[in-house]
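Subsequent text provides structure tokens for two forms of one protein chain, presented individually as structure 1 and structure 2.
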Structure 1
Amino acid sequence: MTIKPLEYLTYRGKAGMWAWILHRLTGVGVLMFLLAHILDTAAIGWGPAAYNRMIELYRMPVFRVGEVALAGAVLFHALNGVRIIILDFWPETMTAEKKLFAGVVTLFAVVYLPMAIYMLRFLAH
């Protein structure tokens, strides 16, 4: 069975559906960066000039903001992964499914907001 993109928007799933969609999106995002990160780190084999030129690229504001998005993707994927593990190994927690998702969102907000502000402090000067 295949689902058309529009059906993701019209299907009225609850928290679990959004957690599932976000888990897939953040997973793909982090994997894309991991592949790029393996390539940029490989530049270290060509010595200081090549590697520092590569890092210079990551110092561009657009990459610094992207880095904050990456941190958010990793953090959400990690927290929601814990939620999946809890639900998988202790199925009785299914009755508290809504609370678990609320816990993921709350913990994410509490950790990510200060972290994002701290990481974006370079924009202030």
Structure 2
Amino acid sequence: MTIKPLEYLTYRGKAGMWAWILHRLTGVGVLMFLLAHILDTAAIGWGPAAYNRMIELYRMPVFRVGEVALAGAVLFHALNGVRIIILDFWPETMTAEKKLFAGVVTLFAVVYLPMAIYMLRFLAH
């Protein structure tokens, strides 16, 4: 049997793969925020005026929407991390991996959607 390169590089789209990709993407997103936060906090070294200018950026609408995305990334990463812990410590749960991922997505939606609506209410004004 020969494997065609395009078939080899194609994802199968199963729950575990999507959980893996989303976990990595949300982890990178949270890391990028932490690096930006370290930089803006370091601005205090150049005096209060520099720090205040840096912090003013976060009041811009694009950054406020970014905060909503950050909250979603942190929430999904945490919930999926609990799923991973369950799978690691109780290997017999591997048979329910798809259900666990569905639970993560459902719980994420139930918690995140109202929170995002609340956080984005400033756009309606």
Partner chain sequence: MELYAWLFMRVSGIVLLFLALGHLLIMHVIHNVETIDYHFVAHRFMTPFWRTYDLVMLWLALLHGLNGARTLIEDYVGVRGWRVFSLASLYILGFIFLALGSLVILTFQPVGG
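These numbers were taken from a predicted model, which means no experiment stands behind them. Numbering for residues begins at 1 and runs along the sequence of structure 1. Definition used throughout: the rigid core is the maximal C-alpha set that superposes within 1.5 Å between two forms.
As for origin, structure 2 is the form predicted alone and structure 1 is not.
Once you line up the core between the two structures, the Cα of Arg59 stays within less than 2 Å of where it was.
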